[in-house]
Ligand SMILES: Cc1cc2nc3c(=O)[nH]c(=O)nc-3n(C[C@H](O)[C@H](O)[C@H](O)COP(=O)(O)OP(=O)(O)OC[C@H]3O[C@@H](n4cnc5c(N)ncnc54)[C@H](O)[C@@H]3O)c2cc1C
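Quick setup: one chain, the form predicted alone, written in structure tokens, and binding and motion questions come after.
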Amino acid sequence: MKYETVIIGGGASALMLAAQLPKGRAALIEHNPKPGAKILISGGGKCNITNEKMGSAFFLAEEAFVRYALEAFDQDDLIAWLKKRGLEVEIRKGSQYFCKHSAKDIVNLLSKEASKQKLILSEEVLDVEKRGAYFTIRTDRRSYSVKEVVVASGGLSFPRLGASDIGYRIAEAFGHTVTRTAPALVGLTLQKEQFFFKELAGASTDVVITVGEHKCEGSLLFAHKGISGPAVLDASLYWEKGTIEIDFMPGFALDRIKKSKKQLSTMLPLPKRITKAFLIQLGIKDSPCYQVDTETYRRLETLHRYRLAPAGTFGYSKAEVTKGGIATDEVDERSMMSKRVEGLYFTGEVLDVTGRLGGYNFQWAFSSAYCCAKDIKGER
């Protein structure tokens, strides 16, 4: 059977694109035996689909490029599309949309909708070239000749699920720039000055982390390898090198406890295990608050602006996403088509677009796929 379009990838963006195209228009090629492997493990197995609060400000990307797609198919459009097809969703953590039951529900829905196209599984794309008006896609089994190729192969995160650099290699083969990639939404490892954090493994507390001009609020989890938790994962999106600043006592004024007869370890707004570790590191005796001198309170103030320089990250094996990727100034934001090669498209994570924690990367996957489908169908 002859196809007009080949979609490379089997994740959220690839499946949404296949669902949006007319029946029989495309073949989707995925090297895993089943599509949606990464979707299944996201959001603790419930898949954080999108967020009520949406916009380009939540992305590390070129603002205008992201804004067009997010407005063309926004979070309300996505939820309406999913609900119409029977997916039950719920809002958790304030503004985040999750599958009500299981991530399997959205994978099953997307797979069903995408089945109007030919789903080719357990087949690996090796390379793509173009001669004249047609592309040749060579896999480990055969070759395909089509008018359009959509690279929706994702990034490098979770190599155990088969993540690969095929999308970047295809882009570079056609003269595209690929900006430096790195793990993102990932835990951070520590220098020796913070090795005492490892003794707190399993403990968590709410913090505000400042990275440059960005502030990331939420929980910090102490881990054997370093620090993790939502606030740290968000901060990793913006951190490249150098120091970050952590407020371990957000919104808490030390003045309110200075007259208290209770112990410092009781009055500081941190789990006692964490408080005691910091008191030791700061060389402070656990005393009744009213007995603590001014110099000691000055040292305690450093917990509002605790500075550290991460040694690195937990790596791609633990990263939710990959930041960096195919440069967006070489891609049309209205269609996701290459400005260099007619008929070559890029959608989802393979592009240099990375969202914060909270459903933003899935929304980008779906929105970019929607724009791409509109162009392929000639509806833009």
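Everything quoted here is computed from the prediction, not taken from an experiment. So that there is no doubt, residue numbering starts at 1 and follows the sequence shown.
The same protein also exists as the form predicted together with the named molecule; that form is not shown, yet it is the one meant from here on.
Exercise for the section: Go through Tyr144, Tyr306, Phe158, Tyr238 and name the one with a heavy atom inside 4.5 Å of the named molecule in the predicted bound form. Expected result: Checked against the cut-off, the match is Phe158.
Problem - Option touching the named molecule, based on a heavy atom within 4.5 Å in the predicted bound form, out of Ile41, Leu60, Ala327, Val341 - result: Answer to the contact question: Ile41.
Practice task
Within 4.5 Å of the named molecule in the predicted bound form, counting heavy atoms only, one of 47 to 55, 307 to 315, 329 to 337, 65 to 73 shows up; tell me which.
Solution key: Of the options given, it is 47 to 55.
Exercise for the section: Using a 4.5 Å heavy atom cut-off, state whether Asp352 contacts the named molecule in the predicted bound form. Expected result: Output for Asp352 is no: heavy atoms all beyond 4.5 Å of the named molecule.
Handout entry: the named molecule contact at Asp105 in the predicted bound form, heavy atom, 4.5 Å
Key = Contact check for Asp105: no, nothing within 4.5 Å of the named molecule in the predicted bound form.
Problem - Close approach of Ala26 to the named molecule in the predicted bound form, 4.5 Å, heavy atom - result: Ala26: no contact with the named molecule in the predicted bound form.
Exercise for the section: Check whether Asn361 has any heavy atom within 4.5 Å of a heavy atom of the named molecule in the predicted bound form, and answer yes or no. Expected result: Yes - in the predicted bound form, heavy atoms of Asn361 and the named molecule come within 4.5 Å of each other.
Handout entry: Sequence-ordered residues of 121 to 148 touching the named molecule in the predicted bound form, heavy atom within 4.5 Å
Key = The stretch touches the partner through Glu123, Glu124, Val125.
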